[in-house]
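One chain comes next, on its own, written out as structure tokens in the form predicted alone.
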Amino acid sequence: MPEIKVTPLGAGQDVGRSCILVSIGGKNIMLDCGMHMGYNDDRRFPDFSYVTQNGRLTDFLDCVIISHFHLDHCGALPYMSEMVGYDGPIYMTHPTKAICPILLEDFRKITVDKKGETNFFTSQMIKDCMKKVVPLNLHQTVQVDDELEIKAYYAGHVLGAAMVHIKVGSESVVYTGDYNMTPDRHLGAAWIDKCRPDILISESTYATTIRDSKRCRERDFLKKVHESIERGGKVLIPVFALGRAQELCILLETFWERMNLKAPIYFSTGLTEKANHYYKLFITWTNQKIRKTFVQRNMFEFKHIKAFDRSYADNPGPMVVFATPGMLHAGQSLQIFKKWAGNEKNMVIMPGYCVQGTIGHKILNGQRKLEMEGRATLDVKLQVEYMSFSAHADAKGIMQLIRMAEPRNMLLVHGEAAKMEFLKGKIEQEFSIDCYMPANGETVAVKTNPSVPVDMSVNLLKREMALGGPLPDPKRPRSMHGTLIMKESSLKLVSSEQALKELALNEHQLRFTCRVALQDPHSDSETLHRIYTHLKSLLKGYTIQHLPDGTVMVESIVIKVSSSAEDANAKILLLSWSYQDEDLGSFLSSVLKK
């Protein structure tokens, strides 16, 4: 029985370093190729030695698909394609293709130029890697080769994020990447067809969370920022350059306008100017409201939000600063945090998920003394707030997607083991389907029941209808008699006459015969007549004839009687029938034996 195999090389019972191998119908696909924010050693990248010990990945993979531009989904791409070696196609949407190289270069600068790491990809490798990218449009079916096809669906989450439907023959898998089932200020909600895949591979970052209403959260956020500014404090909001950043900028921009506030809002790094440029470029990927207002004004041109310069961090007075990256593990957000941490008037608001091992994760868990590089400790006195503006689906959203796609099996990745375990139980209970949650390096094999499509000749269908059977009904399968012809890779069911004609063969008649012994004192012709009248009373609705040549015919079945030479009372009945009447023939022989 065919099966689909799924092995996470990253994101198995863990958040970060998403990289999932799928083997389906003889094809091998890599879904995402990310890095882990919590590690600086070998554990940063997925373990590709699982695929091949020595040799290029090209020989093993049919294609690589990247769901969106976040580094935990695409950060290991140049390492995989240029350093390990892969020359096949890499699929991603147009916005992902535009933004991915910028984030990779930014990440490389921080790691190599600032921290001086050596075993890392170069700028040239990023360029070479991007040359292998094939851009995807939403809802467009792309043939990777003769058998493998993929199709992208809108996932919300960030600009250009997509879920992919992967199909080989009648087997299929859907991979969600990261997605969001609630629309927000700048993106729509994820959506997919009722495609009933064999496996739905879903992220489960917030597997046990059901979020409160967004309005309350936004009100809360604005209230905290406002209070801090009123007390003369500085507010740091660590964000990733794209996604929540734009969401919160739109929110603060409208609030500042409405309240006529004067405190400055800054946005760090030149990355975001580029980011906003791409939002304008790919406006079709944003939500309805932004597309409508785009004609009058662009939501991404901010009046109150200015570019940040390093020297501003020491300016007196209140300010709000958006700085990258979002988990405080490096870069400008960490530098500003170190400067402001000692003052209790200041505040840091963490708007998204923080991976274990990052400073963000430590301060959210209440750590007040931090060990920094070079043995220095940092006292954290500022206020630490966590507000989930994360663009991941919550438990309700995950259940909603399952209802939408109706998968036969479910597989969870990109979440914490304990939370996954809880959601797994809920899914199995509510949908009565199997749910898997493999760890990194663990393979799940799911048996599939592929249906084989067969074309049917019109003549055969007409004949079936003429026989007066029930009308075709997809819920009630019925058997059809015909000849199956296989040409190249297609199958066709035709009537036997048509098959003989198409294949230029002669027809042979196949008949079954059977002998039944019985004791009867009458003559042979009388015995035959008694059998004729018995069958006539027994089988209503069948054609039964007594022929002059001394045989009885029931449909195509012939019955003859002969006496044994030794004993005149011992009669032998000979039955003969064609294979079409096999059921009736067997029934008659059992009746006559009685």
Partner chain sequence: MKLYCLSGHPTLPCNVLKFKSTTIMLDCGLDTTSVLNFLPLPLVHSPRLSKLPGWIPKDGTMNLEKELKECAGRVFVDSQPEFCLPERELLDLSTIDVILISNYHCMMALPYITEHTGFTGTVYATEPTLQIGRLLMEELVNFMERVPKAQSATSWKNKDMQRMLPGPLKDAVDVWTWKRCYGMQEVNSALSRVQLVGYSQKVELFGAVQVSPLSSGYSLGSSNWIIQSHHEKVAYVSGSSLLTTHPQPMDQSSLKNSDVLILTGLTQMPTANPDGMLGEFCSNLAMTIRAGGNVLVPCYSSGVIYDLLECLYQFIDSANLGTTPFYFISPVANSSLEFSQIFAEWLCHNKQSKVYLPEPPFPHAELIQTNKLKHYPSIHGDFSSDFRQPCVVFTGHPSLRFGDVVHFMELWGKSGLNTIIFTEPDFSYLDALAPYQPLAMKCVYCPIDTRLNFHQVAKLLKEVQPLHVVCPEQYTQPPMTQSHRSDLMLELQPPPMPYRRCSVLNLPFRRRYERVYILPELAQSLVPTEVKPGVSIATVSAVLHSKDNKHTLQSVPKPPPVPPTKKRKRVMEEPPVAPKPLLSGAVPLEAFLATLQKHGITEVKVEETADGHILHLQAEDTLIQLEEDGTHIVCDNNEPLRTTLRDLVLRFLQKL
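Just so we're clear, the structure is a prediction, and the values are computed from it rather than from any experiment. Residue numbers count along the first chain shown, from 1. Between two forms, the rigid core is defined as the largest C-alpha subset superposing within 1.5 Å.
A second form of this protein, the form predicted in complex with its partner chain, is not displayed here; the remarks below concern that form.
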**Asked** Of 403, 447, 258, 487, which one comes within 4.5 Å of its partner chain in the model of the complex, counting heavy atoms only?
**Response** 487
**Request:** Scan 303, 369, 194, 478 and let me know which has any heavy atom within 4.5 Å of its partner chain in the model of the complex.
**Result:** 478
**Request:** Tell me, yes or no, whether residue 285 is in contact with its partner chain in the model of the complex, where a contact means a heavy atom of each within 4.5 Å.
**Result:** yes
**Request:** Consider residue 483 of the chain shown here, and say whether it contacts its partner chain in the model of the complex, taking contact as heavy atoms within 4.5 Å.
**Result:** yes
**is_contact(residue 520, its partner chain) in the model of the complex, heavy atom dist at most 4.5 Å** = no
**Message:** Can you work out whether residue 589 and its partner chain are in contact in the model of the complex, taking contact to mean some heavy atom pair no more than 4.5 Å apart?
**Reply:** yes
**Message:** So if I measure heavy atom distances to its partner chain in the model of the complex, which of the stretches 391-399, 77-85, 103-111, 506-514 falls within 4.5 Å?
**Reply:** 506-514
**Message:** Could you pull out the residues of 438-461 that have any heavy atom within 4.5 Å of its partner chain in the model of the complex?
**Reply:** 449, 450, 451, 452, 453, 454, 455, 456, 457, 458, 461
**Message:** For residue 542, does the CA position differ by 2 Å or more between this form and the one not shown when the superposition is done on the rigid core?
**Reply:** yes
**Request:** Verify the C-alpha shift of residue 575 between this form and the one not shown: is it 2 Å or more after superposing the core?
**Result:** yes
**Prompt:** With both forms fit on the core, has residue 431 moved 2 Å or more by CA between this form and the one not shown?
**Reply:** no
